[in-house]
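Encoded as structure tokens, the following chain is the form predicted on its own, with no partner shown.
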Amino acid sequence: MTPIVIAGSGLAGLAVAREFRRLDAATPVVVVTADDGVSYSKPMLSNALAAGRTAAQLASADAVQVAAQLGIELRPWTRIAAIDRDARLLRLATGTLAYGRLVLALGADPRRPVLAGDGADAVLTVNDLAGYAVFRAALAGARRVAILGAGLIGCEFANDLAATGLGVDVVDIAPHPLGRLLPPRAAAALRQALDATGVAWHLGRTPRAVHRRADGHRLIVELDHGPAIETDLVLSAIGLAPRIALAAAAGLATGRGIRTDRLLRSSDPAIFALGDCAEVEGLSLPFVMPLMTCARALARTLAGTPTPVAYPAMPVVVKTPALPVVVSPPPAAAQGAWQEDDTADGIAARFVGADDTLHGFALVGAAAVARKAALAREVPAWL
């Protein structure tokens, strides 16, 4: 029997394999991955340092254990050179692999800032367990870290690093942290809470270059205006670029991601996509809840029960213990305005349309966050 082949062993790929195995114990499943195939929770990377967890401690199972647990074949360190859609073959460096149906769970690459200077090559990113291991090792002896990007991952890392006593500088072109997710007052409350942990903000500024000091032990981050930042490490967290090159080379429709319908079918009905690499009916949602929703639906489709993805409101929990934050961002096409109200310990914001429909919300503070389930029930489904 020709196997179902899953390209990628991250959260998306293994979630599909796990959910499929609950429905079908017989159909062969092969997972092909360019890395070591170790299973771990990627969302934990941005808050592992304060918890004292090493990369090895974040790993829950190695490739052999994953294969045994799920009853699959897992091929680590295997790169896909091309997809031969006519023959339904993956062309690998070591040969070929036939597929009956192919699932692309390729993830995304961290966007790299365009920087001048002889220290630009020292800028680190953390997008997987190996990247976290490199970053954690580089922290040995460091006193200060500069983070490029004040989005979700940048803020989570800022809170985590500051909680260990490190000095933290955060640089972003936006005027507020979490500028794409939070309205102004809620963002200001988060900034104030992280201020109290020692985070220094450089907002409305763009990094231009990273230079090595003459002694070689520290880095200087040059900004478009304002004083430069002297630091020991620079971490870039400016977003992700979906991995679409393999799909595009095979002639699949791509945009921001690999384009799929609600069955997660690409423009080739034998090829599916989900997770950070996918664009589902025009939506690219790089969060855990949409990913898991897609994995469960796709598993049922692969097992013989076509199941369209349904996206209810899916609040995002931001891991900033200094100030709990939950946000359910409104769809990009939603028309309306934010309404922000004070609560006993924070702010509750609602994105309300002209017809008084609630399209999204943002909650900061422990008491406000407790309202997330009730508000989520009021928000119309995205799909």
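The first residue of the sequence shown is number 1, and the count goes up from there. Predicted model only: the values in this text are computed from it and were never measured.
Just so it is clear, the following notes concern the form predicted together with a small molecule, a form of the same protein that is not shown.
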Quiz item: Between the options 89, 126, 229, 166, which residue brings a heavy atom to within 4.5 Å of the small molecule in the model of the complex?
Solution: 126
Practice problem: Find the only residue in 151, 183, 117, 286 having a heavy atom within 4.5 Å of the small molecule in the model of the complex. | Solution: 286
Exercise. Flag this candidate site as yes only if 5, 265 and 295 all have a heavy atom within 4.5 Å of the small molecule in the model of the complex; otherwise mark no.
Key: no
Quiz item: For residue 43, is any heavy atom within 4.5 Å of the small molecule in the model of the complex, or not?
Solution: yes
Quiz item: residue 177 near the small molecule in the model of the complex, any heavy atom under 4.5 Å?
Solution: no
Quiz prompt | Partner contact for residue 160 in the model of the complex: the small molecule, 4.5 angstroms, heavy atom | solution = no
Exercise. Classify residue 80 as contacting or not contacting the small molecule in the model of the complex by the rule of any non-hydrogen atom within 4.5 angstroms, answering yes or no.
Key: yes
Quiz prompt | Contact segment among 358-366, 371-379, 8-16, 21-29, judged by heavy atoms lying within 4.5 Å of the small molecule in the model of the complex | solution = 8-16
